[in-house]
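Listed next as structure tokens is one chain, alone, in the form predicted alone.
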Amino acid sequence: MTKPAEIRAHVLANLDHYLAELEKQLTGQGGTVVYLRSADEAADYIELLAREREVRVTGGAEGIRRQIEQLEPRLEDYLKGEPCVAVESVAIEGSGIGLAGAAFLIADAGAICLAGERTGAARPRVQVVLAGIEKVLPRMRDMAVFLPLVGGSDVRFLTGPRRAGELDGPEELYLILLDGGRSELLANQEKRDLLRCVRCGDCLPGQAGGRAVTCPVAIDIESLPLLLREEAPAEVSGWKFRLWGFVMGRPRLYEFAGQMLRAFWREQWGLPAPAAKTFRQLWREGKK
């Protein structure tokens, strides 16, 4: 059997092909595929969908956006180890529209795999599914490799809206494929392997239970923080960080600040106490 890492690497190398095949198969079965850049665009699209059906959405686009981020957390949040709730679906109150987050997308079958806790209406009239563009798999038989990784106890598949003679399924099915920075990540040879992630959760804080973590799709977990750290400066702001940068750039001022910190240190801060002497002080004493 082909290994999960090999399948995910193959998908990323041929992502445009498999996304095109997925769209062809799903639209041929009556579904609608929409490519959007962000959760904000997706929220606006779903709100417009509700308006066209003359139904009111509680909380408007902002309420929908919060639900979208619950179903399809931002890629950078997940990769930085922030907890994500495994929820398959929720309902937009009073609208008859259900939202779901896809576990996987199967290209050759035009199918959507849903797995997880179902908290919304079981049979919405209009079903909207959210998925990152990286969640596509080539073949239905690949599910035998990946389903054990996500551990969903309630797994089902959607292959389009309800057809004539069928008793179950939505009247309309929309698949929203979110980019959310994934295209840029795919183009980055150093970071693109991060898109192999299937969100099994083994590498998240508190999940390993003291055991060594081996990523099932062969992501270099040890190097992950280093790869993401270069993005941190863009997120750092505020006067505290500017002050810290000012002090760090001036050695004498930095040493004086360290002396003040040691002089006024309080144990109740709950942090390790600073050393009695700095490295610079010990260096000077050693030279004497």
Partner chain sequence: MSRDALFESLRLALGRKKFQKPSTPPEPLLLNRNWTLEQRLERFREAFAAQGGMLHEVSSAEQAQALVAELLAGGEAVASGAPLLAELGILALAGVQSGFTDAELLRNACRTARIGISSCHCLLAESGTVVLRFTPEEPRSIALGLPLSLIIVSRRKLLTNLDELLGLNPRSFESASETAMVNGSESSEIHLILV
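Computed from a predicted structure; not experimentally measured. Residue numbers count along the first chain shown, from 1.
Keep in mind that the form predicted together with its partner chain is missing from the display, and what follows is about it.
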query: T214 within 4.5 Å of its partner chain in the model of the complex, heavy atoms; finding: no
query: Interface membership of P138, its partner chain in the model of the complex, 4.5 Å heavy atom rule; finding: yes
query: L130, heavy atom within 4.5 angstroms of its partner chain in the model of the complex; finding: no
query: Contact of E6 with its partner chain in the model of the complex (heavy atom, 4.5 Å); finding: yes
query: Residues within stretch 20-51 having a non-hydrogen atom within 4.5 Å of its partner chain in the model of the complex; finding: A20, E23, Q25, Q29, Y35, L36, R37, E41
